[in-house]
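Shown here is one chain on its own, the form predicted on its own, set out as structure tokens.
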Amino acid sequence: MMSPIESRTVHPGATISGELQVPGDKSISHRVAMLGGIASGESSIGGFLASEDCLNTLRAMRVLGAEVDISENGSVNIRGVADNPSSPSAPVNLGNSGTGMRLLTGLLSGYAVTAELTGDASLCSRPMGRIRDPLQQMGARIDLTRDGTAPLIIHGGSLHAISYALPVASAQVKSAVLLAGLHAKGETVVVEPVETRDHTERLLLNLGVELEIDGLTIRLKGCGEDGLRINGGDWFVPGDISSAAFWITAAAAREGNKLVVRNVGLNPRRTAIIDVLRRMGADIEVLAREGGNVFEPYGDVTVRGSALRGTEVGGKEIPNLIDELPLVAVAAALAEGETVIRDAAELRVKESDRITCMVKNLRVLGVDVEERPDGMVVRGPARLLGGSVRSFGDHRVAMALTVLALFGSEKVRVEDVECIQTSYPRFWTDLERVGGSVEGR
């Protein structure tokens, strides 16, 4: 029998309104946990995202020797290993987190440790050769399965710097190389084909690491055998724009809606969803804030609902929009005209094949959609049907379908929603807070 947590029935017709503060940024939470875990002294992290993915990263740092305490108010305190992590005695399980696995592989490659990293079935089906190749060029040894996937074993230490041109735009690969470069001898250079998320660079600069950014080229001076000297500190993690995007899209797509999202991250390499929605006719106002110990821009986003129109999404904007593309497909289904999503083949190797999964579900709900190798074409506005859709174990697919279900005339059952815990444990509570209604707890 299916347990209540595995499905939800979404009621249509909600007016999305009010104020909301979403949980902390997932990408930043991973990085602060890792660097706080290897630093000297104590780090205090406010706004840390206590999702399954990020908690798995904290558990990994504890296995490596860091002391981790999570207070009742949700803040996290870490006493780092002072650049001296232990080799884990058992495989480190990172659950569903590709960010956690790829970044931790890069970080541990710089230490004289042997560590096995594993995860759930989804994570162990995702490609890891893209991080193995540059790390082995630096002198680490990374053992993968015959298929180039996890479980993987890291044999680290004695790295030398390299100059590496990323073959594909990937913030995770870039970050893995930079984190390995912390302990490499010489200057590590990474050249991106297009701009990707720069959370790692911002954090390293804030920690005093010698790092220079010149357009698409990042240079990092490694410590070699001298040892890494970074100190813990107090950090504030702003709200996750990828989580806020669900409510921003829901509010934008119906006239009469008005929603304010407070204290959300506004890193310009993460706000492409706002640019796309504005291009579709959305009325979105952004107010930057100052103050607090924040190394990332943040502020408030106000959305007023309006009629949307189709657009084209592709090219350089894709890397900084990759997590929000299921939502773009949802907005497209609600918009007037045709929306083309292209250059997004990377979606096929996420937690699911997000192109096929979204196309299948959109068709179930009556959306006119055409699947393409690198994306899809959506023609709207759709007359949405009721029915049952599946997440395929992918948290972003589950949440995007929930947003779309708010706009039909019949109830929609979203199956297999437990995966949402990996990134947004408070999703259903926040849905009701902004006006949505669901059954099935």
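Throughout, we count residues from 1 along the sequence that is shown. Just so you know, these numbers come straight off a predicted model, no measurement behind them.
Quick note: we don't show the form predicted together with a small molecule, though the next part is all about it.
Partner proximity in the model of the complex, defined as non-hydrogen atoms within 4.5 angstroms of the small molecule, places exactly one of 97-105, 357-365, 300-308, 154-162 at the interface: 97-105.
Note on the partner interface in the model of the complex: the residue among V76, M138, A171, V276 having a heavy atom within 4.5 angstroms of the small molecule is A171. Out of the listed residues I322, I218, A150, I142, I322 is the one that sits within 4.5 Å of the small molecule in the model of the complex by at least one heavy atom.
With respect to the small molecule in the model of the complex, the three residues S27, R197 and K350 uniformly fall within 4.5 angstroms at the level of their nearest heavy atom.
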